[in-house]
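Listed next as structure tokens is one chain, alone, in the form predicted on its own.
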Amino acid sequence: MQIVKIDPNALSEEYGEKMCESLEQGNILVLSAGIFNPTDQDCALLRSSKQSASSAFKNIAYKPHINRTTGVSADAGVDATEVHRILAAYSTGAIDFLSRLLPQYAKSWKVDYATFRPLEEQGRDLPLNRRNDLMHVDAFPTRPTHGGRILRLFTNIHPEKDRVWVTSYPFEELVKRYAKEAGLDEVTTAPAALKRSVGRIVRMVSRKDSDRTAYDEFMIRFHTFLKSNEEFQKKGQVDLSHFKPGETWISFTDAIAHAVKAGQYAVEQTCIVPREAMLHPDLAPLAVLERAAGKPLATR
């Protein structure tokens, strides 16, 4: 894994292709200061806000498709509409920048949530499968991607402290070491397929759209398996990266096993990029897992 600096003055189709290439190879892009960063005043307001104590909310989340922000606690006395305004503006600015940086992806991606992470990640009291300080690959239990890539842009808005990431082996190496043990073969069995079909019918009746493929089911398993594997957590840490206050970094977090070892106050924007938009679709986690399983894991 390499850290690749973004030159904001070089944005073009050709430069975008170079950046896509770097992302797909498992690297992290870094921008020293984003023009879409919240103002100092807005950063201070976000930092003074609190997250709801309800277990239903892991972060404060802005949901562009319904123009709604969830997870803001009323206890801090901060106006929730102001938090909504700041996150909506950040989301709009981040998407605009990503569209100019990565025009190849912007043509077909789906804009997902923007979030604010107000709590210190180190030692945070959460169930194992929700902890960010344990190395994992990203997968969304309620928003399956059907093989699409999880592209995430983060910005550190702490006034003084770095946000510290640790990352592990390339995704293909993770699959070779752990996929079978994590249950890759199990998600492709007839009973597993039948269970997904029944779930699909239930979701159709209840008008929910979280229809999982075998790929989505395995990625959720893999996410939890890696977090719970003590040997991997102890010996799998390969690279340490410090992201300074004001810095933005971008990566495909479905392929980079990562953990936040320390850090508080970050904002983030997610996009789901279809595999067909990749320069190298054979490097996508879906392709890697299908080669390992020897069968399709998601409908084309």
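Residue indices: 1-based, along the sequence shown. None of these values were measured; they are calculated from a predicted model.
The protein also exists as the form predicted in complex with a small molecule; that form is not presented, and the subsequent description refers to it.
- With the partner removed from view, the residue among 132, 156, 145, 167 that has a non-hydrogen atom within 4.5 Å of the small molecule in the predicted bound form turns out to be 132.
- Between the small molecule and the residues 173, 185, 138, 82, the one pair within 4.5 Å by heavy atoms in the predicted bound form involves 138.
- Interface membership of residue 60, defined by any non-hydrogen atom within 4.5 Å of the small molecule in the predicted bound form, is ruled out.
- Proximity of residue 46 to the small molecule in the predicted bound form: non-hydrogen atoms within 4.5 Å are absent; the residue sits far from the partner.
- Contact check for residue 28: no non-hydrogen atom falls within 4.5 Å of the small molecule in the predicted bound form.
- Put simply, residue 260 is close to the small molecule in the predicted bound form: some heavy atom of it is within 4.5 Å.
- Screening 146 to 154, 173 to 181, 92 to 100, 105 to 113 for residues having heavy atoms within 4.5 Å of the small molecule in the predicted bound form returns a single hit, 146 to 154.
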